[in-house]
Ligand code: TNX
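Starting off, we have a lone chain in the form predicted on its own, written out as structure tokens.
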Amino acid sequence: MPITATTRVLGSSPAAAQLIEAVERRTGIRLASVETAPAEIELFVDPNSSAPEGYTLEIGDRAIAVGADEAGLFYGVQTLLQLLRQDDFGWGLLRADVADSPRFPRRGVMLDVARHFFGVDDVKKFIDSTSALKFNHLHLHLSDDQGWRVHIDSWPRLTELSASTSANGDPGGFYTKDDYRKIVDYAAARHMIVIPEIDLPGHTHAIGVAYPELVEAPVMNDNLIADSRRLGQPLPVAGEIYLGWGVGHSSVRIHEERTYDFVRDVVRELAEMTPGPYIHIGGDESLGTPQADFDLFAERATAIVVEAGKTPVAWHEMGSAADIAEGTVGQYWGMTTPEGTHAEEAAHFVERGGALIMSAANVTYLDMKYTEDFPLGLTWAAIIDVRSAYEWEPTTILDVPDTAILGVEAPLWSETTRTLDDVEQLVFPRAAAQAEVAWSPREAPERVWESFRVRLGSLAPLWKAEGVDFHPADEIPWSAR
């Protein structure tokens, strides 16, 4: 179907305006918006559909996209844009007949803004490029040993004293409450729910810079010391900004009641400006916290989130606590072959009436290198090429019912990413692999590597038009137009 300056778009949904703007960015052609038929492209919502986030798409002499809801129509428009092509005769849409809906309701990406800070405009661009792949949750890792990134009125020194730097001494920053609300609203307009994370009880050195009475002295471990030597980074010092990457040395004071006043205040203020249902409270790599103390904290912190009217989310280690709040969602970041007690900890969330998000580190972690010599990223979990990111199955890793798997999240940790371009190099194209794992049926005919790599290659012109600095991995036959 040809796309020209006379092509008309019918539809009152925000998705219609988003389509017009995206086509103009890609082609230079400004489609006309009309309020009555006839039109070459029609977009509308069918309230009688029973497939949340689903859509149908028919492209012949005309293009008709019907969403089950506004989110479904938005995703139908993203597919339309993926089918936009240029040939010797001009621009057009490939013929298609699609009935599509997601496999998993939870399809997420995580951006670590604590190790390196990314401002509002960078986060908006990240939202644009990931929501276009039909991701519908954005997990923001807002605190870590290196920095605290969101203003809290009741504890103002967090951003006064603990936000000025990033890893390796790079510039820091933080979100004002208005900044945070802008991100939440921008994401919502693209059908993304923001999940804020405050990592507790470990990864809390930055809290101790602002409020020393809340945090224990650093506890050194062999891996921390070895990594610091290997990387030429300083070891953590109580009360001083930490510039290294090492983990496992920090903990809030579990038996101080003021610690829970702090957690309660932070959760309350985050909940007030987060319309989504979730607050993530961390729970990973608390190596300096005795197990009994860790479990006590997990139980109290998850209860605090419930009291604030939100569903707690926690990394799988918090599943060690017998009485975590009922309904707490666990995020599994272990390997595809579980190690140690990871599987049992994850399963406990299900036993407590919760569910699981699958973020198996050796296939989903977007901060891992593509190849041994790739200039960005780490290798501790795996070297993850695009095929490895694609060929895994979320329901076969843990011994839990398939219905207990909410979906998939692909995290981007930011130790090595100083700019958004760095982030995009690691995220794209592997995020597209995770998006298909989360969206498409497991047994669909085209849900195979040979089909995916060709379809992925066809996204290159779209990503270039949108200014996405993707890595042109050799595995993929990239299209020129």
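None of these values were measured; they are calculated from a predicted model. Note that residue numbering follows the sequence shown and begins at 1.
Missing here is the form predicted in complex with this ligand; even so, the following discussion is about that form.
**Q** For this chain shown on its own, do D385, E436 and F452 all sit within 4.5 Å of this ligand in the predicted bound form, going by heavy atoms?
**A** Not a single listed residue reaches this ligand in the predicted bound form, so no.
**Q** Taking the partner as it appears in the predicted bound form, which of 169-177, 341-349, 318-326, 282-290 has residues with heavy atoms within 4.5 Å of this ligand?
**A** Flagged stretch: 282-290.
**Q** State the residue from V400, V247, I127, A308 whose non-hydrogen atoms include one within 4.5 Å of this ligand in the predicted bound form.
**A** After the contact test, the surviving option is V247.
**Q** Among R103, H151, R268, R115, which has any heavy atom within 4.5 Å of this ligand in the predicted bound form?
**A** By the 4.5 Å heavy-atom cutoff, the listed residue in contact is R115.
**Q** Taking 4.5 angstroms as the cut-off for heavy atoms, does E409 touch this ligand in the predicted bound form?
**A** Contact check for E409: no, nothing within 4.5 Å of this ligand in the predicted bound form.
**Q** Applying a 4.5 Å heavy atom distance criterion, does M368 contact this ligand in the predicted bound form?
**A** So M368 counts as contacting this ligand.
**Q** Test of understanding: in the predicted bound form, would I225 fall inside 4.5 Å of this ligand by heavy atoms?
**A** Judged by the heavy-atom cut-off of 4.5 Å, I225 is well away from this ligand in the predicted bound form.
**Q** Can you check whether H137 is within 4.5 Å of this ligand in the predicted bound form, heavy atom basis?
**A** No.
**Q** Given a 4.5 Å distance limit between heavy atoms, list every residue of 46-67 close to this ligand in the predicted bound form, or none if there are none.
**A** Sequence-ordered list is empty.
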